[in-house]
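Starting off, we have a lone chain in the form predicted on its own, written out as structure tokens.
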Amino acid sequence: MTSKPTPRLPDPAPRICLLASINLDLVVRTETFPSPGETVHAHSLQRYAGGKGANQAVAAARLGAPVAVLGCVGDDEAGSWLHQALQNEGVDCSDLEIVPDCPSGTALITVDDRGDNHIVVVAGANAHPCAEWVQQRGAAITAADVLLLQLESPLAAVQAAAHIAHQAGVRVLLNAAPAPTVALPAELLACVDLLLVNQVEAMALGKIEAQRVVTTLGAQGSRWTEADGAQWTRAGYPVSCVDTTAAGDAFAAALACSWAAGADPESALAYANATGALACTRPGAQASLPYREQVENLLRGTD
């Protein structure tokens, strides 16, 4: 019996477009998380480029995909730094807007010594996009092979982007994160080809009406479920975990790339599992995201 070939992306990789949240991440590391009313001392304070959408954009770019972002940063030093960080990764920022008199999005992240995290997000300029704003930038969406969405952007903008892609025959992957506090509109889910959730997000959504759903299971791996009940599960890759920040974003980007490239469910899950696992081995958000060669080395069982 022959083994399946190592999952890898084709050359060129699929074109990815993202409606992207873009944040300045302020990360403190502590031994344990504080309880309510408790003060703890931190080991360090560091600044990283982050935001779920921006993280996923950088992750896809490092996997070799052509990537374009629709998003906003503030007219401040952080915004300039975040904009440059995306450009340095080769991300197309033609549709990134600098919003006057508005701070850039900011995430306050606490990471404990086990690598787990608590995150509080201040939207800032990420709250600026609306349906009309997205419609004015529809050409970037229709030029892509897959549109990758998250829920850190305004829901009206997410829905508008999904509708444009759906109408144009562009695949839509919605990463329902952060966990929604209200039911997602049926009109949005009707445009989604693949819904990505973790276990918390799956519980928040309840019964999910979607064509196909991928559920991440932490260190245990991930599961792919079709609307007809067909299901595939792939185990995770054991790594020494330093920081889980952006591991889910790395998984989402890798899943979008491999799925859009025509990978079967098992291969797509394997590629995404490996990418997410590697992101746990380094601190920070974008700083932790692996490159294509590193992912393929892990899949081949090499260092």
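Everything numeric in this text was worked out from a predicted model, so none of it was measured. When you see a residue number, it is the position in the sequence shown, counting from 1.
Absent from the display: the form predicted together with a small molecule. The rest refers to it.
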Location of the small molecule contact in the predicted bound form, chosen stretch of 259-267, 28-36, 42-50, 245-253 [non-hydrogen atom, 4.5 Å]: 245-253
query: Looking in the predicted bound form, is the small molecule within 4.5 Å of a heavy atom from each of S21, W81 and L96?
result: no
- prompt: Hey, in the predicted bound form, is T216 touching the small molecule, heavy atoms inside 4.5 Å?
  reply: yes
- prompt: Does Q150 reach the small molecule in the predicted bound form, with heavy atoms at most 4.5 Å apart?
  reply: no
- prompt: Using 4.5 Å between non-hydrogen atoms, is G221 touching the small molecule in the predicted bound form?
  reply: yes
- prompt: Within a 4.5 Å heavy atom cut-off, is A68 in contact with the small molecule in the predicted bound form?
  reply: no
